[in-house]
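Take a look at this single chain, the form predicted alone, given in structure tokens.
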């Protein structure tokens, strides 16, 4: 009797969708990678503040590289080869998905959060960069491994199709992906130092002020100017920052904690104590981001007539920028034997 996909595939709960999907997928195919290793090896840690790109009328703020960059980063840095399909026709996209499932494959997919019915109503919002794994179909339901949920989910065929082919920013276009080649041996001794130093240089030496540590300072400067803005708009802006930091996917602090775990794991693999120290520094960075979020929430809750201390919020972000800068400089100074 043939094993069903359900009995072969093992679901796990992760902090973030794309890194979780790739961890599940690689482990399923014989290359055990933790979520932290997936995130770090793909070089996904970043900060971006792009005032001229709007999300819900507010500036784009990002704490990791753009969607699909974790998938592409792993391919580039580890030599993994992925097959990726997008479709202009939803019916064709569903047909290809069903055929791949019949072949026994587990399939990564990009979708909208809003149209996935297993998400509680309070968690649904129009974000089209969500990633999940489809590992089977039973009648009119797909079997879903969504990394941000503790257990497996089921999704009606029609609902998943709608979520996969939603229009708008970062439209998924029915994206499906799965590995076609995974190396048997990974040269961590050479790959880890290279990706760690490259990520640190990216954060420190971006030529434009919309990315890296410079962008954190740019956001701090914008907060310092809120005193001159309409109070209602200023509160909305602070709320947007907190939402982007703590509610969208893993959040800014969450990504820093994931990267700290990556540095700790890399330190163990390379037997490098300095990476453990850098890991502690990055954890402290995540703590500072959380402290900033708490200060921002308190400011938002100020009643009419109560003064909001925008300079204090600005200085807290400057402190975050200094802490991140010190961590990346530490990583660039580490000697790898």
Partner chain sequence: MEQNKVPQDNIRTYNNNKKAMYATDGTGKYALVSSSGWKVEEEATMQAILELKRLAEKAHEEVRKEEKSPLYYHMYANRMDLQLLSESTGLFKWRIKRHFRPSVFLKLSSRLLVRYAHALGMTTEELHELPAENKIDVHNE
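Residue numbers count along the first chain shown, from 1. Keep in mind that what you see is a predicted model, and the values were worked out from it rather than measured.
Note that the form predicted in complex with its partner chain isn't included here; everything after this is about it.
Between 119 to 127, 91 to 99, 204 to 212, 186 to 194, the stretch whose residues reach within 4.5 angstroms of its partner chain in the predicted bound form through a non-hydrogen atom is 119 to 127. Each of 150, 169 and 290 is positioned with at least one heavy atom within 4.5 Å of its partner chain in the predicted bound form. In the predicted bound form, its partner chain lies within 4.5 Å of some heavy atom of residue 257. For residue 239, a non-hydrogen atom is located within 4.5 Å of its partner chain in the predicted bound form, even though that partner is not displayed. Taking the partner from elsewhere, residue 13 is found to have a heavy atom lying within 4.5 Å of its partner chain in the predicted bound form.
By the criterion of a heavy atom within 4.5 Å, residue 30 is excluded from the residues contacting its partner chain in the predicted bound form. Comment: its partner chain is not present in this chain, but in the predicted bound form one of 235, 137, 105, 173 has a heavy atom within 4.5 Å of it, namely 235.
Though its partner chain is absent from this view, in the predicted bound form it lies within 4.5 Å of a heavy atom of just one residue from 61, 275, 45, 36, which is 36. Counting a residue when any of its non-hydrogen atoms is within 4.5 Å of its partner chain in the predicted bound form, the hits in 284 to 313 run 287, 290, 293, 294, 297, 300, 301.
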